[in-house]
Structure formats: C-alpha cells, structure tokens
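The chain below stands alone and is given in structure tokens; this is the form predicted alone.
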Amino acid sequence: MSPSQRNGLEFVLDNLVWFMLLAVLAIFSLTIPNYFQPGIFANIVEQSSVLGVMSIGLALVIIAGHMDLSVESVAALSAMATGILFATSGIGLGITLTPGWLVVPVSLLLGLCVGAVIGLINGFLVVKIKMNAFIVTLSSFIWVRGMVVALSGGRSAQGLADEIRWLGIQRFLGIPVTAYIAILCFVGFSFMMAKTRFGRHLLMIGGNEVAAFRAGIKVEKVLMIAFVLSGAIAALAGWLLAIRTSGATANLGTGMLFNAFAAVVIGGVSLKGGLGALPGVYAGVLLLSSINTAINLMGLPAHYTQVIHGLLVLAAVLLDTLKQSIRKKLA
C-alpha cells in the first residue's frame, strides 16, 4: 500500500463517524417527509446539547483507560440542587439574589462544585486506593441517585428565576443558547486534548499507563484531574438540563448514561483507552439525535430508540475492534 493510500485509509478510520452521520442524514432526508428542513436540524442540535456535554467528561476518563458510570446521577444531583435552591414551586426554596443575574453564576458554580466533589471522591478511590473504576463509579451511580431521591422526597422543584430560565429558552440564529454552550465545550476541550500537555499525557496514560509513568508523567495527578473534570462536566450537563426544563425531578436524566456511553463509543473513543477525539464524540451525539428525530417523525414507538441505540453500540464496538486490527496491519 502506497503512503498516500495509507494516509487516506487512516483519514477515513479517524473520521468514520462523520461519514456515518452524513450518510444517515442523507438517507433520512430522502426517505422521510419534512426531515430536510432547518427546524429539524436545529432540533437535532438542541437535543444534542445536554447529552453532548455529559459525553465529554465520560470520554476523557475512557481515553485515560478508565470508566465513569456516575455521570448521569451527578447530573441529576446538580440539577436537583439548582432546583431546590432557586425554584419557586414544589420543593423549591425560591432563594433570590441581588442583583437577580447573580443566580446564573452562583447556581452554575454550585453545580460544578457538587460534580467536582463527587469526581474527587471517585478519583481518590480509583487512583489512590487502587479500587476498580467500574465498581467505584457504579457505586457512585447508585448512591448519588439515592441522594437525589432523598433530597427531593420523590417530588419536583419547578419555576426557576427568569434570569436563569432565559438561558434555557433563548435562541440565536434559530439555535438554542444551550447548544452553543455545548459546542463551546467541545471546542475548548478538543483544544485541550490536542494542544496541551495535559491532553497528550491523558492519551499516553490511556495507551500505556506503565510506560507513561516511566516517561516521567505524573500519572496519579493527571487521572485525578480527569475524574474531577468528568464530575464537573456532568454537573454542567445537569445544570443545562435544569434551566431547559425550569426545574428538576427525582428521575431527571434517567437513561442518559447509556446514551452518553453510546455516543462516546460510536464517536471513535477506544474502550481500551489511549485513542479518541472529542469532535468524533460530538458527531456520535448528533448521530444519535438524528436517529431519535427520525423515529419521532415516523411515529414509531419509543422503545425502538433503545433497540437501535443498543445495536449501534454493538456495531461501534465491532467497528472499534476492526479499526484496531487495520491499524496494527498499517503499523
């Protein structure tokens, strides 16, 4: 195989999810009436915002060779904390700040701190105590969701202040502000992964943790930061969810973990660690949202979404195995 053919094949492998997204959009546009229109595409981007942000943190930990199953529950706790403190009906305490716009940064900071603390706990148990990341974060998934139910008593908090609600409903050029926030997160963290020492170290640790340690990389410090970032980013996703729905319920965000996991795997992040890029994860999120939108337009029962997502994850894992095999042959 010539160098140009090899480069072309590697380009296709690295960007396969984008080709899949374009193919799916083209097929749906040709076969489903009213699919090809700006409003539908704006809806796809909007539906991708919360899931996309949550997927970023999960992707960082998987790239580092570990797992964080707690992101869904962390998002729910962040949303519930925002709802309880700043909503005016249900179990909301309706706390007001002067001036009113302060509710935006204060509620966001509160949510980020909640997520960062849980990420710190996960990181400490995994990195310092050497416990299995799957078990630790599965435990966090359970106890944090239990905290959400305990704090809310199964009730909801609704009616966030207008200043914070504005962000949840405001649009610019037909696209919700929350979608721009998600895109900015992908741009920022993609830059971090590609251009900073932390990003390079994260990839090296995921590729071979022992080799990274012998190369002088502070493995424990980098991994701790990855878990804290994962928690904080999940909390940001929960905060976005709260401002979109103007409150929080005890079951808010249920099932998002599996969709985030699907988006990360479909987006090309290797479950073995050390390989993956966040733009591909965003394409994975858009792909899932495109399929969800198509199912809704066709009027199919909602459980078809779970069937298709499950098959997509299976296909993505098989594809990842195939890509690893091809890359070994190219090396």
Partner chain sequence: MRKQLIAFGMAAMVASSAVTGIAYAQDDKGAVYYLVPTLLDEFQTGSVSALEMFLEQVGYDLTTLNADNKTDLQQSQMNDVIALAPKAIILAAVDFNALAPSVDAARAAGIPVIEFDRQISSTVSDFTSVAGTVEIGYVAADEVERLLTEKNGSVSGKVLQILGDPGDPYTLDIQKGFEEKMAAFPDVTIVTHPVLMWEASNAGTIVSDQLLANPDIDIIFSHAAHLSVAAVASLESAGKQPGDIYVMSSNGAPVALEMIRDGWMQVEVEQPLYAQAAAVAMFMDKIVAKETIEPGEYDVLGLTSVVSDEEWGPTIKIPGAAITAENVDNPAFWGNLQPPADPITSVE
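Being a predicted model, the structure only gives us computed values, none of them experimental. Positions refer to the first chain, counted from 1.
Although it is not shown, the form predicted together with the partner chain is what the next lines describe.
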**Complete:** The one option of I169, A194, L109, V187 with any heavy atom within 4.5 Å of the partner chain in the predicted complex is I169
**Item:** 4.5 Å heavy atom contact, T249 to the partner chain in the predicted complex
**Value:** yes
**Request:** Find out whether any non-hydrogen atom of L271 is located within 4.5 angstroms of the partner chain in the predicted complex, and reply yes or no.
**Result:** no
**Prompt:** For L241, is any heavy atom within 4.5 Å of the partner chain in the predicted complex, or not?
**Reply:** yes
**Prompt:** Can any non-hydrogen atom of G115 be found within 4.5 angstroms of the partner chain in the predicted complex?
**Reply:** no
**Asked** Which of these stretches, 98 to 106, 124 to 132, 201 to 209, 250 to 258, has heavy atoms within 4.5 Å of the partner chain in the predicted complex?
**Response** 250 to 258
**Prompt:** Using a 4.5 Å cut-off on heavy atoms, what residues in 76 to 95 are near the partner chain in the predicted complex?
**Reply:** S89
